[in-house]
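Next up is one chain by itself, shown in structure tokens, the form predicted on its own.
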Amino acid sequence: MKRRHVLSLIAAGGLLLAGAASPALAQDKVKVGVFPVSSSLPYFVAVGKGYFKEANIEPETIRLMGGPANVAALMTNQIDVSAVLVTLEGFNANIKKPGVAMYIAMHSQTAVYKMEQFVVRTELVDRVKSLKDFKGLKLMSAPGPAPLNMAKGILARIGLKDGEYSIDQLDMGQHVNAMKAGTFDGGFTLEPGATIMEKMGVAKTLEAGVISKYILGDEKADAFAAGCAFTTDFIEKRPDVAKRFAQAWAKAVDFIKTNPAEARKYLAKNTMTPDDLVDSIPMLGYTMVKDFTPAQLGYLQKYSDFGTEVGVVPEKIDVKKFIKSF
């Protein structure tokens, strides 16, 4: 064997040995609190399309039902990210522990982008034509102080005083069955619950886009009632990982906007949405904070101020302190 060929084999072997000795690059793990509602769609898309994997991130899904559970997990650093956190509850948490919930993206809802909405039991649709007709009825609300006080605040705006109706918080997993059983006459519910109720014929949407119309004063105003939030610890201690997570999230948002029909498929198996209803679930106005317009920032400030008015956010805040652009 010629000397040059022997040297080539030795070099090649050395490279193989070096490769074998190098450990595979481990993916960065991120603990994510996930409330299984349609508002969490960017997370499901980013997982399903492999956007996190492309960013060398391994998300750990931790199912947490509602805002209070996500807030508690953020405050105790049990999670790094909340895939969807009610905005007013996040702002409230930031006052108790500054910077615990820094929003990198938010989800607009309007009459078109439906999420929180009032529904009425099917048997009562002939009697209940508007929100004012809730007088004397028994209502349910999505769980948490923000949805409950938001529902009360909206009803107050149309002239119904607390006490002229009753309203109780109810776990989202029970909303459909509660309507079916007639436990409540109507309520303030979320998607996909409202669509499921309508398809089952147990309840109908009375009015959606209520935050835009009654709180922000413009039916087309972006009501940023929830969004994706990082802890400050995550941002400061692992800035590169946080940046890559946000980039994967932005990629999912772009995909939802350009391929809404395909994106909806990721609600199946990830939320309580039956497979045959996936195509009927309304989309939200998913928006990265970095892309906010001055008008959208103004809507968010007005919404926060309303939260202060109804006692969910203890003091007036500057919302710019609680958003983070990547």
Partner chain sequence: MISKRLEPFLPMVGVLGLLAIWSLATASKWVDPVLLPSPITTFQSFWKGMDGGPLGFDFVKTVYRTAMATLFAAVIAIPLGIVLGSSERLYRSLEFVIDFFRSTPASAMFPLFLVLFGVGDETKISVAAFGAILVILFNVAYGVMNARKTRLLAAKVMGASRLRVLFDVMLLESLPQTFVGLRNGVSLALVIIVVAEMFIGSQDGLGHSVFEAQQLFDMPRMYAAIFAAGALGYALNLLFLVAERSFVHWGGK
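By rigid core we mean the largest C-alpha set that fits within 1.5 Å across both forms. Numbering follows the first chain given and starts at 1. The model shown is predicted, which means the values in this text are computed figures rather than measured ones.
This next part talks about the form predicted together with the partner chain, which is not shown.
Novice: Quick one: which of 223-231, 174-182, 196-204, 114-122 gets within 4.5 Å of the partner chain in the model of the complex, going by heavy atoms?
Specialist: Result for this chain: 174-182.
Novice: Would 93, 138 and 170 all count as contacting the partner chain in the model of the complex, using a 4.5 Å heavy atom cut-off?
Specialist: Every residue of the spot touches the partner chain in the model of the complex.
Novice: Given that the partner chain is left out here, which of 83, 71, 151, 211 has a heavy atom within 4.5 Å of it in the model of the complex?
Specialist: Filtering the options by heavy-atom distance leaves 71.
Novice: Would residue 157 count as a contact of the partner chain in the model of the complex, using a 4.5 angstroms cut-off between non-hydrogen atoms?
Specialist: Result no; residue 157 lies far from the partner chain in the model of the complex.
Novice: Since only the chain is shown here, I'm wondering whether residue 89 would be in contact with the partner chain in the model of the complex (any heavy atom pair within 4.5 Å).
Specialist: Output for residue 89 is yes: heavy atoms within 4.5 Å of the partner chain.
Novice: Within 4.5 Å, heavy atoms only: does residue 99 come near the partner chain in the model of the complex?
Specialist: The answer is no: residue 99 has no heavy atom within 4.5 Å of the partner chain.
Novice: Given that the partner is absent here, does residue 130 sit within 4.5 Å of the partner chain in the model of the complex, heavy atoms only?
Specialist: No, residue 130 stays farther than 4.5 Å from the partner chain in the model of the complex.
Novice: Taking the partner chain as it sits in the model of the complex, which residues of 215-250 have a non-hydrogen atom within 4.5 Å of it? Please list them.
Specialist: Nothing in the stretch sits within 4.5 Å of the partner.
Novice: Core aligned, does the CA of residue 244 move at least 2 Å between this form and the one not shown?
Specialist: For residue 244, whose C-alpha is compared between this form and the one not shown after core superposition, the shift is less than 2 Å.
Novice: Answer yes if the CA of residue 232 moves 2 Å or more between this form and the one not shown after aligning the rigid core, and no otherwise.
Specialist: It does not, since the residue 232 C-alpha is displaced less than 2 Å between this form and the one not shown after the core fit.
Novice: Does residue 253 move its CA by 2 angstroms or more between this form and the one not shown when the core is aligned?
Specialist: Moves: no, less than 2 Å.
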